[in-house]
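Consider the single chain below, provided in structure tokens and representing the form predicted alone.
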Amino acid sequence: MKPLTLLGGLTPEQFLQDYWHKKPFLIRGAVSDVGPHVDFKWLSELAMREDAESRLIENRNGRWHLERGPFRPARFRKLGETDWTILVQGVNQHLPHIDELLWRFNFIPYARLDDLMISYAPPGGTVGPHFDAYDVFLLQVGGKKRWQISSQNDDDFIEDAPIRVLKDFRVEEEYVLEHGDMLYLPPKCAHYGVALEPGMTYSIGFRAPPVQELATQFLVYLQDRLCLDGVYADPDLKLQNDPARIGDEMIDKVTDMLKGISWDRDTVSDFLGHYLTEPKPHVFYDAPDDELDEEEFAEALAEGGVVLDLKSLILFRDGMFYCNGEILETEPDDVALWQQFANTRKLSSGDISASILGTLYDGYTAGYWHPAKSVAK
């Protein structure tokens, strides 16, 4: 692949080899044009919505305070001129130009790409020194922000604080980011950002689910698909002296019965397809207001093609396709088309075959994608 300005002139291969998951990387002038800035006015309006995850973090007299949205307009009128930060997750699901920015990071697999969070802070605004369990790109949009980073590895956080703030942060490097500058941080890299001027940080984050969560969700997945025959039986039951004891024979029998629970790589692949595309709890899909019939839908696609909804994700492995936690019904001859749709998040009118129109129409009525000509830019 070609060198990218987004990566400071590195190719994606060079970035992945030298920096990804390994060490911080400062990129001056990474993104010069981000479209309309999602400033405080815009961000606060999003923070009032039920379908957006938002937080307000303040440091008042040395004490941390956390509130979660949705917020009332009056709450923002009470804010001071310094020392607070408002953060909204998944802004890419609400604004097309932010969605477009997120997918510029497609040199990382979509299975790892999470969302684009935007935070706004006046001077002194910060969420404190901390570290994340995932990779993140921090893009400065407007204003200036000082970032300090450290390679320290400890879990000594301020007690009773509503957010995880490191008690003893030891600065090793310091940068001041201006508009268009970007800082990449690998997991567990301690960092501390403080706004020097009013501005926004666009945080491109990546999924790194804890092993416990993966295991729990995999067991839920198996539970929904298990079908084991038979019932517990003990025709050879022997009298035991202690009727309250769980006998060895019962333990052995149940152990053998549970051996019927098994999985392989195909099972794990199918689980990941469902799990990684499952929408977050606050995400809902709206059916079209003026629903087209199948003939009108085909005509609309012939005019302008189809695009994924901002909240939708398609992932695939071999001939299996998953969208928003569901399996897509596809034909073997259409695999290349569906892969193209998943990778580029759109299909032009010339790419659409008659054989996929039925599935496309079903997804359209569910709100998973839309005729391109009906989507406002």
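Because the structure is a prediction, the values reported are computed rather than measured. Start at 1 with the first residue shown and count on from there.
Form predicted together with succinic acid: not shown, discussed below.
- Site annotation in the predicted bound form: the residue of L116, L177, L301, V127 reaching within 4.5 Å of succinic acid with a heavy atom is V127.
- Interface residue among S203, T277, Q93, Q89 relative to succinic acid in the predicted bound form, by the heavy atom within 4.5 Å criterion: S203.
- Partner contact region in the predicted bound form: 117-125, out of 287-295, 225-233, 117-125, 161-169, criterion any non-hydrogen atom within 4.5 Å of succinic acid.
- The candidate spot formed by H37, L43 and E53 is out of contact with succinic acid in the predicted bound form: none of the three has a heavy atom within 4.5 Å.
- The closest non-hydrogen atom of Y184 lies beyond 4.5 Å of succinic acid in the predicted bound form.
- Interface residue remark: I149 is not counted as part of the site for succinic acid in the predicted bound form, having no heavy atom within 4.5 Å.
- Contact between L138 and succinic acid in the predicted bound form is found at the 4.5 Å heavy atom cutoff.
- Mapping the unseen interface onto this chain, E100 falls outside it, with no heavy atom inside 4.5 Å of succinic acid in the predicted bound form.
- For the partner-free chain shown, nothing in 331-354 comes within 4.5 angstroms of succinic acid in the predicted bound form, judged by any non-hydrogen atom.
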